[in-house]
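One chain is shown next in structure tokens, namely the form predicted on its own.
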Amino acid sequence: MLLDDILKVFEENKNNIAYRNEKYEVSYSTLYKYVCNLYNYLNAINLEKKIAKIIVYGNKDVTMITSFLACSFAGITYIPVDSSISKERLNNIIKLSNADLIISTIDEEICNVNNIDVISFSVLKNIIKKTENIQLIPLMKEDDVYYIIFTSGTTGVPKGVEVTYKNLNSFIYWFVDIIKHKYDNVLNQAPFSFDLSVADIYYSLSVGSTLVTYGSSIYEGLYKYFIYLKNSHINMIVCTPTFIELLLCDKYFNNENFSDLKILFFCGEVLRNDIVKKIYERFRNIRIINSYGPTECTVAVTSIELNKNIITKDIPIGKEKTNTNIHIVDKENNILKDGQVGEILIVGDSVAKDYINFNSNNFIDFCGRHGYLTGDIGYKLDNEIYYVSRKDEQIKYKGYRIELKDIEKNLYNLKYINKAIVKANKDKYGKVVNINAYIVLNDKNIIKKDIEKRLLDVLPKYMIPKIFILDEIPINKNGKSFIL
């Protein structure tokens, strides 16, 4: 099992670097000490392990990884939450998850949260830096919920996806197998609250690589970021296509400056032909793997290693992973033939347990196996699977999964808004380039900044739309909005 493999890595890689950011690095022996001390502390406070849940709050610090592992070894479910989210969003997660504790990995006070105990960053530092000799014993069981990741929901509140230890094991062993080689320096792009980060974090821990992160915003200085990546000798990047598209905006991102870069693993968004073409123009002999998978099915469930011949074709999302089957079904969940377009249904070991405290028709029993109706539209052809679109108003923006209804409902919670329509604008490739909200007000004294400020209290920054205030929503002869 994964935790046993991580223990072996700790033993065999004591002097190797486990984690690096632009400010410091941590060896595997030091990370092991951190995990042991926090593990010991969690065992001492006698939480009821079968139902215990701990929110790990922060932003890519090594103490987040420490907390993930300490919880997992202690048999406790962890909930990664990025410190950029609003306090109201955090309170929703606390309420929905019924979490027992928050571990804060940032040096700032968490204010105005529901009635819950908090281990502050200063206390956490004192816990992990003790020098007691403790042995880690994995207490997590196969069917235990390993982590819960919250995603955008149509009701205006987030939904928590319960991923089991079995789900994670199934994904990581498959992922390591398709990567094939051990890459020494793995770049993390996604926030630790985003399930794509599960791939680079646990790949690194399971094979003994260095996880390289960057705490500052790359938008503050792309050249500075490139120098950091070059000096870190990055071999592998796990990321969304949008991230690489940003890097490709600078000519410095090429084979001559990044000769150590050997593999790009894409997930989270549609990978376009023009991006793949630019990569092949800049890099010689680079491996490009495209994949697909919703959070509810543990990061990714398909993969395909591309080649230069694929540039002129629609890029498939690949073949299904081991111990997982993907079907294209109609509205009655009947399996469709090759070439027929329908909803993507995923069944097997990758499918998460359920949403926590939320009833959904997406998780189903399909021929005696646990399945998930994704809401994604696609088809199969020549043993490859292709993604087409969504069947609802869910979008992918900057790698994040967003329900437009989530934004709308939070707008309607503002008493001064009479009408709100939220629309995602897409480019010619179908990629979402921005989110707009068209609003009619009850109170004419309200300005855009008032609305944006209030939305930031309840939504993550990446979900804040561009606001357009109208006197009325334009309607056509059929009674439909021109905006829609």
Partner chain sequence: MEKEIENIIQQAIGSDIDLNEYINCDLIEEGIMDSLSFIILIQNIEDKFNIEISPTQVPPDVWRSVKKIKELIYKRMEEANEK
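This structure is a prediction, so every number in the text was calculated from the model and none was measured. Residue numbers count along the first chain shown, from 1.
Here the subject shifts to the form predicted in complex with the partner chain, a form of this protein not shown in this document.
Only one of Leu139, Leu222, Cys367, Val388 comes within 4.5 Å of the partner chain in the predicted bound form through a heavy atom, and that residue is Leu222. The single contact residue among Phe194, Phe226, Phe121, Tyr379, judged by any heavy atom lying within 4.5 Å of the partner chain in the predicted bound form, is Phe226. Proximity of Tyr203 to the partner chain in the predicted bound form: non-hydrogen atoms within 4.5 Å are absent; the residue sits far from the partner. Interface membership of Lys50, defined by any non-hydrogen atom within 4.5 Å of the partner chain in the predicted bound form, is ruled out. Within this chain, Lys426 is remote from the site of the partner chain in the predicted bound form, having no heavy atom within 4.5 Å. In the predicted bound form, no heavy atom of Lys308 sits within 4.5 Å of the partner chain. For the marked spot (Tyr252, Val433 and Lys466), a heavy atom within 4.5 Å of the partner chain in the predicted bound form is present in each of the three residues. The partner is not drawn, yet in the predicted bound form one stretch among 391-399, 143-151, 88-96, 75-83 has residues with heavy atoms inside 4.5 Å of the partner chain: 391-399.
Looking at 230-249, the residues that come within 4.5 Å of the partner chain in the predicted bound form, counting any heavy atom, are Thr242, Glu245, Leu246, Cys249.
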